[in-house]
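A lone chain, given as structure tokens: the form predicted on its own.
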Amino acid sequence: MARNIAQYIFYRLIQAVFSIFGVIVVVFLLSRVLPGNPAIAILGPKATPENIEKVTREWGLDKSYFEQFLIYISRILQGDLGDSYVMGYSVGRLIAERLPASIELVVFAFVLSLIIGIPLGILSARKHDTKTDLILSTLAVMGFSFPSLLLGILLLIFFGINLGLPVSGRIDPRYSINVYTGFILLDTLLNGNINAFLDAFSRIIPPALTLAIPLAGLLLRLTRNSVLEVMMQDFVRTAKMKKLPENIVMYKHILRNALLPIITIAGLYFAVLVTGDIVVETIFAWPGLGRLIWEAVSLRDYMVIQGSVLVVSIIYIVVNTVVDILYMYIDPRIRG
């Protein structure tokens, strides 16, 4: 069994490496099929003859495509994603500064969706064909179907105007804290500044809810259907015939099997959250990777767009790989 697990992990890691390599190839080819001189696209409004010559030399744009690709991939392996001539910084630095904000928001929203969706899904399954089930199922469909843009605006109005809470940015500028991790909630605690933590916490709630509500609706519906399906299985009926306590039947027999597909969907959707929160970050002025991409598109900053797409794609591949490996450990049928 251990050998099968090792082989599966090795296979998924190799598949992930090839997928990442494929993404690099696609990004490279897309950057070379653009009409005109790629150096002009890279430089944007700063495309002076001197800068064009400099970029052409740095990226080997006067060489063959194969040589250009070798230069491109060698720089990526060194962590060099190029420079943003529009924003005036290296692309790697810009992404490194913004990525922790996106990860913090996504993780917070993901945990929030699990806390909301799964317990309500279990409740809906246990109360199936009742008014409670009907109400929860309706809320699940509404939550999952609600457009993120409209939901974000409504939450912005509710928290910002009705409740009078801060709804933009990560923290009030008047709080000066030492940055240790890049995750503002953790850093404020490490600084021992409770007021700063509460301010940061209140600011992350609205954008996190905007991301969490659709996923919570999906998880609610999925949990309900999965639990109901498992409840109809023979081994559950046998457990009930043995007059085992209802909680043991639910948590040891039903949930253990019902959560398998839920974990898969939740893991995949986590990757989607990381890669698709541009709208939410823009609405709430959240200084994350999604907002950086929006700013780059607005400024036509080609290098930032290219680097961000590459990083986001790699994150998506890595998360999917981790989910597949975890699923193998959870589901004994795959290990066998």
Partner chain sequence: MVSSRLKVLEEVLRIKRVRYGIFILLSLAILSIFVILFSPFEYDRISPRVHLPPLAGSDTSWPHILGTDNLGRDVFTRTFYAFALDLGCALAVVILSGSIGLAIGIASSYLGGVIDAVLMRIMDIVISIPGFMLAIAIAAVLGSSIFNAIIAIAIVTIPVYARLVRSVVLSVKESLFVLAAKEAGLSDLYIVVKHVLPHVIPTFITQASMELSNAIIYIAALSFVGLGAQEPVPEWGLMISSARRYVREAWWTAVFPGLVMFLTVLSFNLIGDGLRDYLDPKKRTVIGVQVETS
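In this text the structure is predicted, and so the values were computed from the model without any measurement. Numbering follows the first chain given and starts at 1.
This protein has a second form, the form predicted together with its partner chain, left out of what is shown; the following refers to that one.
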| item | value |
| --- | --- |
| Candidate from Asn257, Asn193, Asn225, Ser90 lying within 4.5 Å of its partner chain in the model of the complex - any heavy atom | Asn225 |
| Residues Ile161, Glu229 and Val297 all lining its partner chain in the model of the complex, heavy atom within 4.5 Å | yes |
| Heavy atom of Ile153 within 4.5 Å of its partner chain in the model of the complex | yes |
| Its partner chain contact in the model of the complex: Ile40, any heavy atom under 4.5 Å | no |
| Residue contact check: Ser145 to its partner chain in the model of the complex, 4.5 Å heavy atom | yes |
| Proximity of Val279 to its partner chain in the model of the complex, heavy atoms at 4.5 Å | yes |
| Stretch 304-326 - residues with a heavy atom within 4.5 Å of its partner chain in the model of the complex | Ile305, Ser308, Val309, Val312, Ser313, Tyr316, Ile317 |
